[in-house]
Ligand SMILES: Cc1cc2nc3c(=O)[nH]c(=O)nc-3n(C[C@H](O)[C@H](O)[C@H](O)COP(=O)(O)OP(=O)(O)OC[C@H]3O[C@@H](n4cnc5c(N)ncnc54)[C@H](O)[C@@H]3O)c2cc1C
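Take a look at this single chain in structure tokens; it is the form predicted on its own.
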């Protein structure tokens, strides 16, 4: 998503653009494994890049989806307080949202919560009317079409295995036919040049500027450019989130997304909806050393217990594994807020290299705004 948004913005600005996708097709990585929520901009500190890009990106996303007929729905969200000690947390979120300039925010009481969502039990809630959902793959395809119509080329099965600085830019060494790009995305590997597969074909592209929008592999690509990701604080910490769905036959009716108060490494086990109205629960947050997307069925009871605090009717329902995603977090276990890294690296000895590192939520919402920021930085 981020790479294509940057490609579209750069191509429309008159740049010659080639997108190198490690996998066999676009949007098979983080873009394919997220909640597809369009965030309002409530959670992030005032003045942060996450806040500014989320707000600008959300407004651009809704306008884009309306114009391009990308399936989406602005259905709203409730962030609920189920215990007295959580009410000040919700009030603090309201104050932060107001400071951030978020539109459509209202603090409501328990009676209003029940009127809006009869299945939800809460003492109070923050009602966000600007929150929505989007078909992430259709959104991504529409951005690809925009990039290609502006002259960009999208090449799949191209895994970057080397970056060599030149007098005016970079030589990008590429392995062709790299499969799903799993080796490039390994979080356990140090940022060193990847080894080509036996018999793999090699290509080289001379580029005035390189944009690193490699998701889970963004820190490894920065390492290929000679950047010390540990010294810069750009080492990513993969954090897995599992999702569960209602078992067949179980019925819970919701018109909006429902979130608990935020947790340390994520936003807690929340109830989301897809465009077909299907309810999902998740994600949790677990730092991992390997990119394993299997969902442990044994977690079902913990998910049900967490969500039952605001959805009492869930207590007797069965949950089944749905899917999992992995966030490229810059904050490690127990660490505080870390902002997006969107930076041209001349100051670090890598001119013409634009790093997009730690692009987790709200990356989907902010994608178009991030693309515009990258285009402003991507100068040879």
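Just so it is clear, the model here is predicted, and its values are computed rather than measured. Positions refer to the first chain, counted from 1.
Not on display, but discussed next: the form predicted in complex with the ligand.
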**Proximity to the ligand in the predicted complex (heavy atom, within 4.5 Å), stretch among 102 to 110, 247 to 255, 216 to 224, 75 to 83** = 216 to 224
**Item:** Partner-contacting position among 42, 311, 354, 37 - heavy atom within 4.5 Å of the ligand in the predicted complex
**Value:** 37
**Prompt:** Is the gap between residue 371 and the ligand in the predicted complex 4.5 Å or less for some heavy atom pair?
**Reply:** no
**Message:** Given that the ligand is not shown alongside this chain, does residue 170 nevertheless sit within 4.5 Å of it in the predicted complex, heavy atom to heavy atom?
**Reply:** no
**Request:** May I ask you to check whether residue 6 falls inside a 4.5 Å heavy atom distance of the ligand in the predicted complex?
**Result:** no
**Message:** Residue-level question: is residue 51 within 4.5 Å of the ligand in the predicted complex, judged on heavy atoms?
**Reply:** no
**Candidate spot 2, 325 and 359, all three touching the ligand in the predicted complex (heavy atom, 4.5 Å)** = yes
